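Taking the form predicted alone, here's one chain by itself in structure tokens.
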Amino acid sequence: MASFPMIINGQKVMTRETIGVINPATGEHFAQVPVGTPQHVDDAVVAARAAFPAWSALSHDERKAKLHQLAAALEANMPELMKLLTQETGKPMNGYSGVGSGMEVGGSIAWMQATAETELPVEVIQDDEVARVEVHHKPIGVVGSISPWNWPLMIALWHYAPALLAGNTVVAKPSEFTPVTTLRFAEIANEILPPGVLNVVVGDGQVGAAIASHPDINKIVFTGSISTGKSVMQAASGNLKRLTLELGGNDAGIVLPDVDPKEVAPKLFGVCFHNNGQTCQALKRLYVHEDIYDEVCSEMAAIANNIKNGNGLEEDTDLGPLQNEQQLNIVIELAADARAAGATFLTGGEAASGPGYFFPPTIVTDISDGTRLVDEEQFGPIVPVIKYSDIDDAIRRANNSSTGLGGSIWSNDLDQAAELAGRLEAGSVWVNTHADIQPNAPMGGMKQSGIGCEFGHWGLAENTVIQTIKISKA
């Protein structure tokens, strides 16, 4: 069984105790990684602080060049990283609508390249006979990263790339469910970066808590659940760490009656079952006008019935398993609650027998708000389709949530759709698409879906502190 070390101060670190990493398609271990401790976090922070002066002293162009080297290294190792991702997440190598390990590694490369080209120039807000006033963006120091299991490589690099470009050093914890690809990337990256600039420690919640509360870490970027985000926020208060939190969502999509059901159904299916539903901004509540409700549901069910659920290493697999048993059990529980409430299951609804954490794509109708499947984030391959008759009521129901990560409007009337999009209480809203993020457009959440944002110069700025310099000429 392959072993993947932690990286601290440029050195490979193993421990006597190990964590077995499960392939969710088989339920069996395929790799092992070390069990990090708070002491390993301390060691990583010491290394990161020692590396910070020299790294932050490099010019922007020098750090930019390093990021481009990292992107090239990702590309050179793409086949290996894709296979590791599929083994630890279960997602197909290619997958339905091209959403799989290839997309994740390819997206990681693209994001690294785009981030490298992002700048925060000095802003001159006054320059006259009295004074010159400049606003500078300075690196924060050591950035702590805690990343999730659903997109383990890409989200980790969303954290690392802007932090490094801004001149910070990083101490990171990947999910213990999916640490392998991130550790392999760190090993590759440390052939390019100076020792101590990027450190990765694996472990359970103790390691995450040690990072969140560490007095010598200056910022935390966290992607994960709302409950854990609140714990991170509380732990980070000890030294008033800066925070970027991208938390859970229960994204709503509203389909207007002017669309063609046959045309829109494949698009809706793709964004509902994006990464098997295991994406923060997947479409999780679908509101469809009563005039086209039955036809949209029927068309989506027909797609679901032709999906191949299987091992992601097989070329023709559309959707793989859920990543872990705990998440599978949540989906099973939500399906059972919906069934007890009288909902209709057009497809799926039961976990597959045999090894692995498989649950078929499931379309649920005759369901409404107040049911757990509608009100809670399912984070899996099960989607409630809710009938509505009045658009104002649909907007109200879509906004009736403690979260506000993403949302979408589907219509042929783009002017009306844009107006309705502005009424949704979500950090990102799309028209005729969903979860269509890009590296130059900011992404963040409203309400309990997070604090701050990522991507573009907005996300880069979150990895800096502002310094104002006033030069008096009087």
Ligand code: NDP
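So that there is no doubt, residue numbering starts at 1 and follows the sequence shown. Predicted model only: the values in this text are computed from it and were never measured.
Keep in mind that the form predicted in complex with the ligand is not shown, yet the notes after this line are about it.
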Please determine, with the chain shown alone, which of 207-215, 389-397, 306-314, 73-81 has non-hydrogen atoms within 4.5 Å of the ligand in the predicted bound form. 207-215
With a 4.5 Å heavy atom cut-off, would you call Asn275 a contact of the ligand in the predicted bound form? no
Using heavy atoms and a 4.5 Å limit, would one call Thr223 a contact residue for the ligand in the predicted bound form? yes
Glu246 near the ligand in the predicted bound form, any heavy atom under 4.5 Å? yes
Contact between Lys173 and the ligand in the predicted bound form at 4.5 Å, heavy atoms? yes
Partner-free chain; cross-checking the ligand in the predicted bound form, the single residue of Gly95, Gly167, Pro148, Gly404 with a heavy atom within 4.5 Å is Pro148
Only one of Tyr357, Phe379, Phe269, Trp111 gets a heavy atom within 4.5 Å of the ligand in the predicted bound form. Which one? Phe379
Decide yes or no: are Pro261, Ser298 and Trp410 jointly within 4.5 Å of the ligand in the predicted bound form, with each residue judged by its heavy atoms? no
At 4.5 Å, heavy atom to heavy atom, what parts of 312-343 sit next to the ligand in the predicted bound form? List them in sequence order, or say none. Gln326, Gln327, Ile330
